[in-house]
Ligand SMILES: C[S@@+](CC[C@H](N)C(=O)[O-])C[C@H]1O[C@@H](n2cnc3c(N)ncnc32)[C@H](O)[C@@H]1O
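In structure tokens, the next block holds one chain alone, the form predicted on its own.
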Amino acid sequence: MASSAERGPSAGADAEAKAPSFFERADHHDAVVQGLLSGVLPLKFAYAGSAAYTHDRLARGEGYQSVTGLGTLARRALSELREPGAGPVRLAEIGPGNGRHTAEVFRQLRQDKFPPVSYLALDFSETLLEVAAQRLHGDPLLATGLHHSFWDVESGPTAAIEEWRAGDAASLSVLFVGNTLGNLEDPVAALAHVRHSVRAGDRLILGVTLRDPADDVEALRAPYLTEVFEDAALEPLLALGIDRRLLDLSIVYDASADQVVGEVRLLGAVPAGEAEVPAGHTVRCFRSRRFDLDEVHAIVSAAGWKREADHLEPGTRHAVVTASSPG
């Protein structure tokens, strides 16, 4: 286990130079308070408000090969699902993040002479949606510009997709890439919310990072032992006004659930709404689970989707699973 206290004080100096922390919505503030009190803070709050900017900085550090690998698989899946001779392709994306993966998918689709795309971005973070919109603005593949809407995929279905379609009978592909599935509190419920937000016959394109049995604990933890990751993980708690010097982040491996977990231990008492949380209290602020394909198939099926195909990139851990909605 390595904690932020063990890694030294440089992160605190960096925090003093950054823009002020903020929440996008009052209910986000209240939910983070509840997460602090309960000891479980869903990762989605590390993407919204001022946390969107720390996430953007973290995502920009992702390796180019990782981005192009997922882009290749998503492009293959979209190309297979496209109906020859059809008009503009309707594509909704859940959690485009800072738009970097989307831009790579679009670049590869343009190389394939893919038809224009009518695109809707959906995200828990309105701030991050703006970041993605700036990156994708003017992309030649976008037939009708970039549309975006707020959606917390973990809270329930959305009407935003149907409103965007505005009665158009064209089928829809829903892009859900990255390792988002492994960060969700309840992957089955989230994918069921997606299914209940689309029509019969619409397709899901789900990107996942697969487990590698050869990895040891230190290899699993290593990507998260950086200052930029620490910034992203702690930002929701900093937005509550907590002094960073009171937050000690540890990255641990939970063997029982086969996941890497970020745990914050309070080094002093902090206020939480009308209550006070004592020193020594811990909060799980991050989780990253990896799956094998059988587990992904089980999650997709349990959410009510009909699995169709798997796309894998040889020599990498990336996979894309496609499925259709039975209605």
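Everything numeric in this text was worked out from a predicted model, so none of it was measured. A residue's number is simply how far along the shown sequence it sits, counting from 1.
Form predicted in complex with the ligand: not shown, discussed below.
Quick one: in the predicted bound form, does every one of H55, H101 and G178 get a heavy atom within 4.5 Å of the ligand? Answer is yes for this spot.
Contact stretch among 120-128, 222-230, 191-199, 247-255 - heavy atom within 4.5 Å of the ligand in the predicted bound form: Stretch with heavy atoms near the partner: 120-128.
I need to confirm a contact call. Of D112, E163, D168, E154, which residue comes within 4.5 Å of the ligand in the predicted bound form, counting heavy atoms only? Of D112, E163, D168, E154, the residue with a heavy atom within 4.5 Å of the ligand in the predicted bound form is E154.
Under a 4.5 angstroms heavy atom criterion, identify the one residue in S173, T209, T72, N183 near the ligand in the predicted bound form. For this set of options, the contacting one is N183.
At the 4.5 Å heavy atom threshold, is E93 in contact with the ligand in the predicted bound form? Residue-level check for E93: yes, a contact with the ligand.
Quick one: is P187 in contact with the ligand in the predicted bound form, heavy atoms, 4.5 Å cut-off? Taking the distances in the predicted bound form, the answer for P187 is no, it never comes within 4.5 Å of the ligand.
Within 39-58, which residues have a heavy atom closer than or equal to 4.5 Å from the ligand in the predicted bound form? Read in sequence order, the residues that approach the ligand (within 4.5 Å, in the predicted bound form) are K44, Y47, H55.
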